[in-house]
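Form predicted alone, single chain, as structure tokens, below.
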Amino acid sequence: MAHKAGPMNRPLWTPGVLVMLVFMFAGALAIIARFTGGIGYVTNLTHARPWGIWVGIDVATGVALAAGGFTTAALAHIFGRHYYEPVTRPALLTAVLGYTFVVIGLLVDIGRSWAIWKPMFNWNLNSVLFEVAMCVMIYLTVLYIEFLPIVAEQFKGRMNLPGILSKLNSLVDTILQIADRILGKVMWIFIILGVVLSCMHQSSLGSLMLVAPTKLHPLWYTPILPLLFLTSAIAVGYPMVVFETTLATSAFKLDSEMHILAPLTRFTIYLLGAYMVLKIGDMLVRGTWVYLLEGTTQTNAFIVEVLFGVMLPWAMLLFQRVRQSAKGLFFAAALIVGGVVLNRINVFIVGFKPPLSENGYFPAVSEILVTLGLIATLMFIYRVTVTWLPVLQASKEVRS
């Protein structure tokens, strides 16, 4: 039985949230050390190896896993499959938070973070990175605009700011009502814009590595790398929705969403299958399969990525018994999500071997703490948001 989305009437300060706060505090200390002592003070990066897990995980992986926002929006609002609308709000929230923390990760990673605004005014039309920067910037703005009606739904007509801020109650309420009324008429424009922008920068992240043919391992370097990045992001969109929704319904003890998630994964069979055909076909056409017998860290990582992150979950989803099982579906979705995570780590970290880099790279403790801190913060804000805003579908007993 479907229910209207509503705030979760559950305690915020649970043991899990307190664990998040510990990681958030540790990550904050590492970030403070980064900005006071410099990147070299807290990382194992060098001039020959200028990026590590902050790019591979915080940025590239974060962008890929936020793809559920535009894939569900396209399915429910562009292709008219309104049956899937109950999962669009959680997917949108995941996308908003994911892209927000991609930007925060960039601020930590780049050398002069105070100059991150410069691409808006200094255009390099020959740079793929410029296109990525502009698309991410505009798409993040679009995501906030798409999320605004959810905020308006909860607070319009009920503004009650404390203290001196109470004078702004009527003004804020008026703004929310006007925004909600106007956005309701033009939201389709932002939905289409979001899908287009997502497709552009998802593929462009792969284009970044096309300039590194001598630095990226042949198993991953390919002229169709942008296409592989795009198709893998589209393929992981619905599994990420399954992954996130299952965890949320379990954590808040909500009604199961299997009646939506099970049919949703039928699309994944075709999307993941297309990515698998491109991935394996490209390897066979270029003859890079010969590297699979080397037994190195790079080749083993590629085998794990393709075998357990693509082929196994695709085969699992072929069986209706798996798609109808909450545990089986969650396991398959988790494998797909893990496969895309490993792919981005492989492309940007494991498979990236600059000729001038004499020593291998392994992240410093501070790098790991920053990443864990950002992930914990993302989870914490997700928890706060669904507690106060109508994002998740809940029964009346939960919302009362």
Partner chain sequence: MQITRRHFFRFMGAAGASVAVRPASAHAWQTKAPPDPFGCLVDLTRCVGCRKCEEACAEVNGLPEPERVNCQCTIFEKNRRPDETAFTVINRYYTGKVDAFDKPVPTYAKVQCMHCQDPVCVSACIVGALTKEDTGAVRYDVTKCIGCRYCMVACPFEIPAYEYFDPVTPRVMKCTFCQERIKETGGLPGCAAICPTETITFGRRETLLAVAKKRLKENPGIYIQHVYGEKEVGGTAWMYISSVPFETVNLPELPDAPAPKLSETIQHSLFSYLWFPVLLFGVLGAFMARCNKGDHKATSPDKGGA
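Numbering follows the first chain given and starts at 1. Small disclaimer: the values here were computed from a predicted structure and weren't measured.
Omitted here: the form predicted together with the partner chain. The next part is about that form.
Although the partner is absent from the chain shown here, 47, 88 and 223 each have a heavy atom within 4.5 Å of the partner chain in the model of the complex. Per the 4.5 Å heavy atom criterion, the partner chain in the model of the complex is contacted by stretch 213 to 221, the sole one of 267 to 275, 321 to 329, 296 to 304, 213 to 221. Interface residue remark: residue 131 is counted as part of the site for the partner chain in the model of the complex, having a heavy atom within 4.5 Å. Shown alone here, residue 39 lies within 4.5 Å of the partner chain in the model of the complex, counting heavy atoms only.
At a distance threshold of 4.5 angstroms between non-hydrogen atoms, residue 154 is out of contact with the partner chain in the model of the complex. Taking non-hydrogen atoms only, residue 104 never approaches the partner chain to within 4.5 angstroms in the model of the complex. Among the residues 199, 311, 262, 280, the one placing a heavy atom within 4.5 Å of the partner chain in the model of the complex is 199.
Exactly one listed residue, out of 209, 248, 316, 136, brings a non-hydrogen atom to within 4.5 Å of the partner chain in the model of the complex: 209.
Of the residues in 67 to 97, those that come within 4.5 Å of the partner chain in the model of the complex through at least one heavy atom are, in sequence order, 73, 77, 78, 79, 80, 82, 85, 88, 89, 92.
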